[in-house]
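Presented below, as structure tokens, is a lone chain in the form predicted alone.
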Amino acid sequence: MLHGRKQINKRGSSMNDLSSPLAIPAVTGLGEKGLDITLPDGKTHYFNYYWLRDNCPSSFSPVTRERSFDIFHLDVPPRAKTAELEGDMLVIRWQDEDHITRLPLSWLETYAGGKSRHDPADLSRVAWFGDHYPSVPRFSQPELVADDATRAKWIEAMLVHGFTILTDMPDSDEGLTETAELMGCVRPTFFGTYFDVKTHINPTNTAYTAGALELHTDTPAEEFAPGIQFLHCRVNTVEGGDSLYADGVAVANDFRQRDPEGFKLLTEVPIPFYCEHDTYDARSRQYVIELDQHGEVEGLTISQHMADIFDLDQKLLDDYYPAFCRFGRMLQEEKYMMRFLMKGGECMVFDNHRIVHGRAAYTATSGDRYLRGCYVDRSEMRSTYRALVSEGRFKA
């Protein structure tokens, strides 16, 4: 779509190296465990026989789109009897099996050298700061329901920016469900399938009070905290209660430059979180700053009100606690803090592993404030996006 990784070198060289002379493809050697073949990129690449046999096109069902061949049932390790080129195909006749494999050379180039399959959902994140509110990507909920192309743009905005605002939301519980299911399946937590943010007489969470709520990510005590949060504002007429949001990617990227040793501690040392009440006792260990497969900052897990007793070596805490506090203070700097008042009929959708959120205190008796929320996993969001924008491995 519109974005690609900035750190191209972290993905390896381009599939077609323009600096190499074009070559006539040729099988240059049959070994005991694999073969060598010169591809059009001018380079000779090695391919393992197990891998070639396992990925024969005939190994996959066109109906289920799953592998139907079971390599566990081969009596002996696969080995090529012959391997030759027929046009733009590599044709392998197997030594101990009455089977022929035909693989396009272009397909072999895609995976030569252990390259990963292209992922359209692996997009570069764009960091944002406290002045971001006027630029927040906004989408009308009825348009998302009506048009898949608009839905794809919305999910792309989530992948890139981590925060969007939906308008024209139906004033109903069903409206939130319908909206969340545009992205994936609603994911329950120990709070239930949905949660209602309003003032409770006997609150089980700080969010259920009228007090200020520090910047945090939700449910860090879950082993795998949900990835995307939907927060539907049904009504908001109270005095105060400004919403607070900050992009953890922006803060952590700056922290990496400001405090390299502290950054290293927060990415390499997991700390405990908990959430305990009468019917549940959830516990987990999480890294405060999370890195993706490219080594880039992916997000955060942080919550002062759900941090458990840090059970680290006390000497390690001599360095860890100061780094943790330096980072926590950075999160609260005005440079990063986006403040606004949510309006009835809006839904905030944000990456719970990237965006920290909180709330200023409000006067509970000054009006009505009711938010209803739920979660969807990030993997569900990425899956939906891939299905919307690409054909995957199997063309329909």
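Start at 1 and count along the sequence shown; that's the residue number. All figures in this text were calculated on a predicted structure; none of them were measured in a lab.
The form predicted in complex with ligand OGA is left out here; the points below concern that form.
Among 353 to 361, 55 to 63, 39 to 47, 328 to 336, mark the stretch whose residues have heavy atoms within 4.5 Å of ligand OGA in the predicted complex.
Within 4.5 Å of the partner lies stretch 353 to 361.
Counting only heavy atoms and a 4.5 Å cut-off, does ligand OGA in the predicted complex sit next to every one of His216, Met342 and Leu371?
Affirmative, all three are within 4.5 Å.
Just checking whether Val197 would be counted as a contact of ligand OGA in the predicted complex - the rule being heavy atoms within 4.5 angstroms.
Taking the distances in the predicted complex, the answer for Val197 is yes, it comes within 4.5 Å of ligand OGA.
Is Ala127 close to ligand OGA in the predicted complex, meaning a heavy atom pair under 4.5 Å apart or at it?
Output for Ala127 is no: heavy atoms all beyond 4.5 Å of ligand OGA.
Give a yes or no for Leu144: in the predicted complex, does one of its heavy atoms lie within 4.5 Å of a heavy atom belonging to ligand OGA?
Although ligand OGA is absent here, Leu144 would stay clear of it in the predicted complex, with no heavy atoms inside 4.5 Å.
I'd like to know whether Leu231 contacts ligand OGA in the predicted complex, with contact meaning heavy atoms within 4.5 angstroms.
Leu231 belongs to the contact set for ligand OGA.
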